[in-house]
Structures are given as C-alpha cells and as structure tokens.
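One chain follows as structure tokens, the form predicted on its own.
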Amino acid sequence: MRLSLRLFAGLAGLAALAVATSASAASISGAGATFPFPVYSKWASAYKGATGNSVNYQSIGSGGGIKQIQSKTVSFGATDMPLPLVDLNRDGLLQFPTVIGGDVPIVNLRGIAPGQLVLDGPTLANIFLGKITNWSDPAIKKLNPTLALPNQALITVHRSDGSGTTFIFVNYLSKVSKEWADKVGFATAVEWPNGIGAKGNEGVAGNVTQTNGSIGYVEYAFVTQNKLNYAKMVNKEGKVVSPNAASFAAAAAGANWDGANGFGTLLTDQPGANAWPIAGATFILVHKQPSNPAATKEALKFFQWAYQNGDPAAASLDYVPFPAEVKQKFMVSWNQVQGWNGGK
C-alpha cells in the first residue's frame, strides 16, 4: 500500500506516533530518525501479527532520538548520524545499523519529468548555499543540455528539525564543496544559508510538492511511495546514476562493518561507477546497562526478528538489507547488553 503525503503528515504530527497501539508486557518504545520510518512501520505491523507484541515508535528526527535514549525515556533510539565511539562509551550506549538507504534531491519543475534533471555535488552545494538562484543558471544548463529549463527563481527547502536525513545530505555536501564544509559543515542540524525549513521528510516533501520551482531532499522511500519528482546525480566517478536499491548497495560495497568504530561507517561520496553518492545506513542505540532490561531485551528481539524476517519489506521500499553474515556481527555485539543473554 502506498502511503500518501497527507497520511505521513498526519502521523508525524501526533505527539506519540504509535506504529502499533497495544502494548506487550515489556513495552517496546523507540524514537528518532524519520529516514527509516517507512520500513520500521512495516516491520512493526508484521511483528505484531507474528508475535502479538507491539512497537511504539516516535518519528521525531535523529536529534530527538539521540536525546531520548540518552535520557532513558525510550527502550531504543534511532539515528542516521552514527555516534562516535567516544560518545557511545560516555553514555554507555551500543550502536548497530539496520538497513541502508539514500537521500534524494526532489524538485517541483513544470515540464520536467521524474529522473530527467541531473545534478552534481558542487552544483547542489551552490544551490543550497544560495549561489545559484535560478533554474536557468549555466551550471544547471551544462548538466542538462537537452532540457528546457525555466527562467524561474529557485527555492530551497530543508529540514527544520534535528535530522539524520540532513546529516547524510550535508555530510555529502561537505565532501564535494570546500565552501560548504567551511561555512556550514555537517551535523543533524546546521545553520542553513537560505531557504524554507520544514519538519520531517514529510514536511519537506509537502513543501516541495506545493511550491513550484523548489528543491529539497528526502529519504528515497518517500519518493517512491508518493511519486515525487527527483533528480539523478553525478557520482564520484563522474557517472550519472539513479537512486535505487542497486545504487545504494553499490555505495556500501566497500564498507567495513568490523565494529571498531561502533559500526558507525559513513557511505556518502563513495567510489564505484554505480554508487549513489548520498547513501547512508541508519542506526539503533540501546543502553548496555538499561534501567529496564526487560524492555531493552524486547526491543532487541524486535530487531532480531527484523533481521531474520524483514528483508522483503525493506527491499520493497528500496532499502538495502545487510548480508546475513554482517547482521550476525551486529547481533553478537548485543551480548554487551545486560539481560540480553542471546535473547533467551
């Protein structure tokens, strides 16, 4: 079933977004990244049907998810910005990835079909820096010599909340533009040089859909589910690539998941002819010494079930599941969590 932007906006507007409403004996509660919300929603629904247990996930952005797990108000936090090992150790947290996806530039340009527009990293950075202000700019025309680009003001839309989707996007811009790195940098929230702020992937998508001449960025599942107009990208190898599961997987082909950095591997601007340049994994955070070990154990059981049964749902939304041997590494790391005991 394809979810509409109106439904996403309504869900995100709830104070507590209940993916499944009833609670199990040890309630599974989580909060954070909007990037994986579509797949967590599908997983939670299937998990409820398979086990009778419910997952209450608040899609509030990575910044909020990090704060809530640090304050121990949820069983798990979710973030697209991996925490460095020093922060994990300071807060007694364990981190592991769930799936890989990608950020995608979305546009509202009359007469331009989805996937027709091509952008590269430096041009995208200059758009969001406010240096390119019209769709007829020579830099855009050079990348799109056959398109009838309008002489129209260009409006940027960005996330207003602390967001892992933003982290992936601006981390990429920092790698391809020294000016962006020097003036703006990368984090879950940055000081945007210009543009309109909107809350959540659904807020950015809604603003771009309603504003002719606009450009924003969202997680790819929002593109496919809502049939948004998107741009292709020129990657590190100079190849024009489309966003899809294959190009996200290509970006992760050379990644190292040995756990030495808390599994916090970044996937932006990776080499490879087929690699999507704005790819990233999304991560879960749990306490190693949780205040409610039973609830944390239930949360890990949910992700264990998702690793074992959730690949088809992830693939249907163009997320990339991890190989079985890599998921096994993640699950072995859970033995650091008090009360897990291999899920027994």
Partner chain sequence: MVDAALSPHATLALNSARLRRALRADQIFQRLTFCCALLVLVIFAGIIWALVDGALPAIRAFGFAFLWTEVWNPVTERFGGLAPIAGTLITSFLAMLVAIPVGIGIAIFLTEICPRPLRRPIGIAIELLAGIPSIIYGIWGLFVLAPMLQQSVMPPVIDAFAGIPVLSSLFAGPPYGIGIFTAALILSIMTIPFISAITRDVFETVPPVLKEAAYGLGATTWEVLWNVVLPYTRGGVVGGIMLALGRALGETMAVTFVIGNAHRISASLFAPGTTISAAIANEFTEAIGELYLPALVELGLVLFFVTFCVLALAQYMLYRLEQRAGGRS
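The term rigid core refers to the most C-alpha atoms you can superpose between the two forms while keeping them within 1.5 Å. No experiment lies behind these values; they were computed from the predicted model shown. Positions refer to the first chain, counted from 1.
Keep in mind that the form predicted together with its partner chain is not shown, yet the notes after this line are about it.
Only one of 197, 114, 130, 150 lies close to its partner chain in the model of the complex, with a heavy atom inside 4.5 Å, and it is 197. When you look in the model of the complex, the only residue of 229, 123, 207, 144 with a non-hydrogen atom within 4.5 Å of its partner chain is 207. Although the partner is absent here, residue 192 is a contact residue: one of its heavy atoms lies within 4.5 angstroms of its partner chain in the model of the complex. The shortest heavy atom separation between residue 137 and its partner chain in the model of the complex exceeds 4.5 Å. Interface residue remark: residue 160 is counted as part of the site for its partner chain in the model of the complex, having a heavy atom within 4.5 Å. At the 4.5 Å threshold, heavy atoms of residue 81 reach its partner chain in the model of the complex.
Only one of 94-102, 210-218, 236-244, 252-260 lies within 4.5 Å of its partner chain in the model of the complex by heavy atoms, and it is 210-218. Contacts with its partner chain in the model of the complex, taken as any heavy atom within 4.5 Å, map within 49-86 to 60, 61, 62, 63, 64, 67, 81. In the core-superposed comparison between this form and the one not shown, residue 64 has its Cα shifted by at least 2 Å. After superposition on the rigid core, the Cα atom of residue 131 is displaced by less than 2 Å between this form and the one not shown. The rigid-core alignment places the CA of residue 179 less than 2 Å apart between this form and the one not shown.
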